[in-house]
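In structure tokens, one chain follows: the form predicted on its own.
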Amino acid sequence: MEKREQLYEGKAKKVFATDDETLVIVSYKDDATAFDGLKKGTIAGKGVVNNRMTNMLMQLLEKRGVPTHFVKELSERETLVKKVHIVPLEVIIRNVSAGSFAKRYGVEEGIPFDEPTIEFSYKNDDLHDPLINSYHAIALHLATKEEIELIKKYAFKVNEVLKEYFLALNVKLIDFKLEFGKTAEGDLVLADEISPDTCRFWDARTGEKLDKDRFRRDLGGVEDAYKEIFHRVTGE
């Protein structure tokens, strides 16, 4: 597979064209941002952790009936994926109150929900990714009603699979963000990443944060937290 010109560079990844127009190469960076890009830094080794962990979890989800963009891991930082048109909705599943949910509704962090919640935000940097409901998404032609129902179905399935998976590793899956894309054939698949950048992981025994909140909140031990969650997932 020949790597060609760079198509895109985001906060955490670069995307390159290949000699197959239906496939692209994603390269993971160590750059870290928070608060809509206001806070910037570097987390050593983050790209390796996020790439390899995402690939393992995507393959697990494929086996459990959630289609993904994953094709093949090329190196510790690079992966071949299906080229998709990203649906401009961030999909957030929450199992426990934390982060912006706790702040927005004036509740303390750490309250378990009776059942998981779902929320959408409109992927738009200029507007700072505002919260949006499914009716607004349909009105703005971001997705069809059928696509939104399928996204919800897949998102809750991802939660069901990953909650159980992480609990076996003594990790609570607090909340996480997903993105979906459409392939050239028009199939809806899970895209982007599943990593400590996009999920909140708390140690099931101690409540210690093993995710990007350590960077956001200046808690220290950021690299160690990424290494710890990586060790639990891969055994390395």
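So that there is no doubt, residue numbering starts at 1 and follows the sequence shown. No experiment lies behind these values; they were computed from the predicted model shown.
Below: the form predicted together with uridine-5'-diphosphate (UDP), not depicted.
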Q. So which of 93-101, 110-118, 156-164, 141-149 is the stretch with heavy atoms within 4.5 Å of uridine-5'-diphosphate (UDP) in the model of the complex?
A. 93-101
(Q) in the model of the complex, does every one of 16, 51 and 77 come within 4.5 Å of uridine-5'-diphosphate (UDP), counting any heavy atom? (A) no
Q: Note which of 171, 43, 199, 57 lies within 4.5 Å of uridine-5'-diphosphate (UDP) in the model of the complex, where distance is taken over heavy atoms; exactly one does.
A: 199
Q: Answer for residue 177 alone: is it within 4.5 Å of uridine-5'-diphosphate (UDP) in the model of the complex, judged on heavy atom distances?
A: yes
Q | Interface membership of residue 216, uridine-5'-diphosphate (UDP) in the model of the complex, 4.5 Å heavy atom rule | A | yes
